[in-house]
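For reference, the chain that follows is the form predicted alone, supplied as structure tokens.
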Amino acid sequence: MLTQKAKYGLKALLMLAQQEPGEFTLVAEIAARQKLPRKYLELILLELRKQGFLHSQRGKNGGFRLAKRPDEITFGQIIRVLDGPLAPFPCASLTGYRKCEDCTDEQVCAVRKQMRRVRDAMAAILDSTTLADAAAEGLAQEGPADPVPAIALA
């Protein structure tokens, strides 16, 4: 399961992806609009800045903005930075591999093989889904601002 940290990071970055390019947004505004705890969000955003996903600026017109275009940032990248490897078990991970202490032969371990399949499927989706993709999908699901009235069929 993903942590709240990853969920909050994704929500914040999705919001920033929908801002005008180059526009800075205050942490307080992100937190208020996304209904996230401000102090915790600030720590998450600082970590994402340190990893090169965000730029920050102090002062009156300061805040955070994306350091890359939304179509260059994937969900997989963000989750790995905030939560670590995608695999459910360390022995199934590509980036955080660790042999299981109770495993006698990894080559024939059915659990490891299935968890590798799970990891590969997750990675395929998360590594091919960009902030731009998700932002566009979210906007499409919100629908038009003024809904078209339903026509009664008589």
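So that there is no doubt, residue numbering starts at 1 and follows the sequence shown. This structure is a prediction, so every number in the text was calculated from the model and none was measured.
In what follows, reference is made to the form predicted in complex with the DNA, a form of this protein that is not presented.
Only one of Gln34, Gln51, Ser56, Thr129 lies close to the DNA in the predicted complex, with a heavy atom inside 4.5 Å, and it is Ser56. Proximity to the DNA in the predicted complex, taken as heavy atoms within 4.5 Å, picks out 42-50 from the listed stretches 42-50, 66-74, 121-129, 108-116. In the predicted complex, the DNA sits within 4.5 Å of a heavy atom belonging to Val27. When the DNA is considered in the predicted complex, Thr104 lies well away from it, no heavy atom lying within 4.5 Å. Of the heavy atoms in Asn61, some are within 4.5 Å of the DNA in the predicted complex. Residues Thr3, Gln4, Lys5, Tyr8 of 1-24 are found to place at least one heavy atom within 4.5 Å of the DNA in the predicted complex.
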